[in-house]
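Shown next are two forms of a single protein chain, provided one at a time as structure tokens under the names structure 1 and structure 2.
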Structure 1
């Protein structure tokens, strides 16, 4: 109550300050975080397949083009595709070992990425190769798909190893 019997509106003071790096110019921390509600939509059967130990690509119902990474419509003729099983045995088309990366994967470095190829399939599949020293990987190396026992519904539910 003021002397005149009226209240003056006032913003409440808060405890939290800010993280300040610099005053001239003022540089401060801005926290930004978000949870997405991500639908795999038409790609969902692929991820469901991984959870059952099944690796699936796509085959065009019209022109017969085959895709090791699934797509619901053909990139060559635009017609719908159908699901097809990919063999678990395959070969390394190309590879790299990453010693650095994006923040999300930094803790996993070094890791080896491969593009996987199958004879008679028109495109490739990106995956990780596990248990092989970087200097031992080569183009044409035979590899075999393995699956996580506890699915995370991510493309990393499948990975490749050598026998």
Structure 2
């Protein structure tokens, strides 16, 4: 189509679509993929540690507060922290059974998430408990950290099992 000698631009039509589940409201499924470049920045030592079978937290250089989930500065006084090794043995502080999960855990549902505690560490660490039926988990249960053999440099590289 032309107007005063100009061609009207058109979008290219492609034969790809989605699966339509419902019309009102519209609910559909379509494939989505993206490459994402991400930096762990100051948290890089934590993820490098996971790849070597090491669990690292942080400790305040001023007040001595300790954090199972590492942070660059203290939550209590704001001063910088330094890296510290966490023991691989711990206890379950609390837990929940998840019957729905994101793509990463879909094949594992139901799965158990635990808050891990260590003596002398001021915060907890969230992770999965593997190999224990949900009805057999209890507060105070001794657990041990295990690591993926082939690290993906993700928080899911560490998980816990019973000792």
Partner chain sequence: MKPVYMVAGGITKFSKASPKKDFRYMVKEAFDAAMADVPNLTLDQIDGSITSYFSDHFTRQLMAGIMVHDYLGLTPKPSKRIESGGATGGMCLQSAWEAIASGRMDVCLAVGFETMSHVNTWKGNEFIALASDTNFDYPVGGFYTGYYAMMVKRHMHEFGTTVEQLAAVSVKNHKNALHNPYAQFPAELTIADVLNSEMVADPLKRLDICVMSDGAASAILCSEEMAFKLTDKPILLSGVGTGTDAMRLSDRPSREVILLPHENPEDYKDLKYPGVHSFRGGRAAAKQAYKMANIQNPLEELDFVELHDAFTSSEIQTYEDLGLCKYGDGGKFIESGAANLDGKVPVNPSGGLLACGHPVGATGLMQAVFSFWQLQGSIAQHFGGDDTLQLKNAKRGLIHSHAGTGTYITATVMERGF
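Positions refer to the first chain, counted from 1. For the two forms, the rigid core is made up of the largest set of C-alpha atoms that agree within 1.5 Å on superposition. Here the structure is a predicted model, which is why all the values come from computation and not from measurement.
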Worksheet entry | Structure number, where the criterion is the form predicted alone | 2
Discussion item. Please state whether residue 99 has a C-alpha shift of 2 Å or more between the two structures, with the rigid core used for the fit.
Written reply: no
Fill in: C-alpha of residue 31 off by 2 Å or more between the two structures on rigid core
yes
Worksheet item: On a core-based superposition, does residue 17 travel 2 Å or more at its Cα between the two structures?
Response: yes
Worksheet item: For residue 108, what C-alpha shift in Å is seen between the two structures once the core is overlaid?
Response: 2.7
